[in-house]
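Listed next as structure tokens is one chain, alone, in the form predicted on its own.
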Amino acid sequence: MPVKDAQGRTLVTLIPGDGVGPECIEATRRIIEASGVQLSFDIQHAGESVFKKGIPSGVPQETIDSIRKTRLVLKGPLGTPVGYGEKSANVTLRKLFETYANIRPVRELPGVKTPYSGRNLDLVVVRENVEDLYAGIEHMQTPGVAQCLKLISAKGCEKIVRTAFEFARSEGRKSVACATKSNIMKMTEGLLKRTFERIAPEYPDIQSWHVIIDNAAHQLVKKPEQFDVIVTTNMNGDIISDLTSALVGGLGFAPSANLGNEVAIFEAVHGSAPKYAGKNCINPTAVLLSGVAMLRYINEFEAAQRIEQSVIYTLEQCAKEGVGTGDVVGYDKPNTLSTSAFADRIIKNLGHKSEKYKVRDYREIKLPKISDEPAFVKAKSTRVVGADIFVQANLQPAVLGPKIEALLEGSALKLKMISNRGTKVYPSAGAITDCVDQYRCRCILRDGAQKGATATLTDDQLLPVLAKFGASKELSWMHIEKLQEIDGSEGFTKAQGED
């Protein structure tokens, strides 16, 4: 529920952002206030300006305190260092407040010409927002090998799948497609697929199907009309939502909502575009439509509809007059509308409706309420059947293998195989692999590792093995992964070429 001040106004943390953000936010604020909605904005900061003050997260404590109070955020794009330095302040905000669902709608708009014009595109990407590779857990395993952990949880999958179906119902949509790379990543991406297939029967009014993510990208270019709602993992969703925005005219028309059970953050998909900053030339539509989504979230449905209708009416009007924002007609042209001039038109047109464009009948979305217990999945039985020991070694597999076998002599473990970047290289199966200096040594219990056995590897058995690896002068262990059998099924995948 929205938080109100003493005058009955809804409290909103307003983050102008970097680059073109302040211009877009100011246009959006003016239009929302002109619609008659009573909001109280608390202006706070995050992103590039905060990084420059030496705050590594890009999010100062006063901004966090404001969001904890208001539970509602409207923000402009934030600048983030690329390839070095601090983490994305955008991602930090999403993760700090567990806004686990990223809703990214795209719809064909009048006067915005694309190769898909006239095909009435109207679809939504529902992207898991806080885990996957975006957990940002990275390590340099060796000076030449980097690692990023892809974390997918059963709880995260449960929340995003249920949100996708509930969102579809709130907008009267008829289908939800689940897009994953589960043909390759059977445990991580496969977890989302299995969760989707388990939950889908609870929504018999909504058609559901699964599609491999690369085929989804192919189909989005070939026949995007077949999609209504697409639910997917974090990185996949980031990529295909940018693709879908291009189908209807680009990021200038791409709003988004980051929804959680406690906090909601509304922002445009596009970045801060610093080369246009301060020039009053950027298209504010994406930020404005994010504001419209915020109004619907706080049940201001009438005002949201009035603003959306005015945007459509204004775009139709601009098309007839041959004018528009720079991303539509070109920057620095005589018929180019500035950010503020475009906002003025929308304010003037409040109350006008398009004769062709129909606004959906929206209902309040019911976000899933599930257990907050960390152990979301409880297994009946687990046992550790071995360990993958990752080592740094400047040795060829034929030399490394016997050395590992010698190190394991007298221990509870034996070497099953060694892989390099996922391909088995020892014992040799004849593969031609250009090895790097990070190897995975799959070590299993000498007795009881077979399926159905009961023996389990203990830390007392594992630690002496690691000590032997650590004492070696020719290799160094980097990290380990215990090989678990969960409810009788292997909780790990095999290397390419492994039996």
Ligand code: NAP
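The first residue of the shown sequence is 1; numbering continues from there. From a predicted model like this one, the values you see are computed outputs, not experimental measurements.
FYI, the form predicted together with the ligand isn't displayed, but the following is about it.
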Among 421-429, 196-204, 407-415, 274-282, mark the stretch whose residues have heavy atoms within 4.5 Å of the ligand in the model of the complex. 274-282
Taking any heavy atom pair closer than or equal to 4.5 Å as contact, tell me whether N90 reaches the ligand in the model of the complex. yes
Give a yes/no on whether D327 approaches the ligand to within 4.5 Å in the model of the complex, heavy atoms considered. yes
With the cut-off set at 4.5 Å between non-hydrogen atoms, does P105 touch the ligand in the model of the complex? no
Residue-level question: is P77 within 4.5 Å of the ligand in the model of the complex, judged on heavy atoms? yes
If the cut-off is 4.5 angstroms on heavy atoms, which of these, P224, G156, G252, G401, is the one near the ligand in the model of the complex? G252
Which of these residues, V269, V124, I346, M294, gets a heavy atom within 4.5 Å of the ligand in the model of the complex? V269
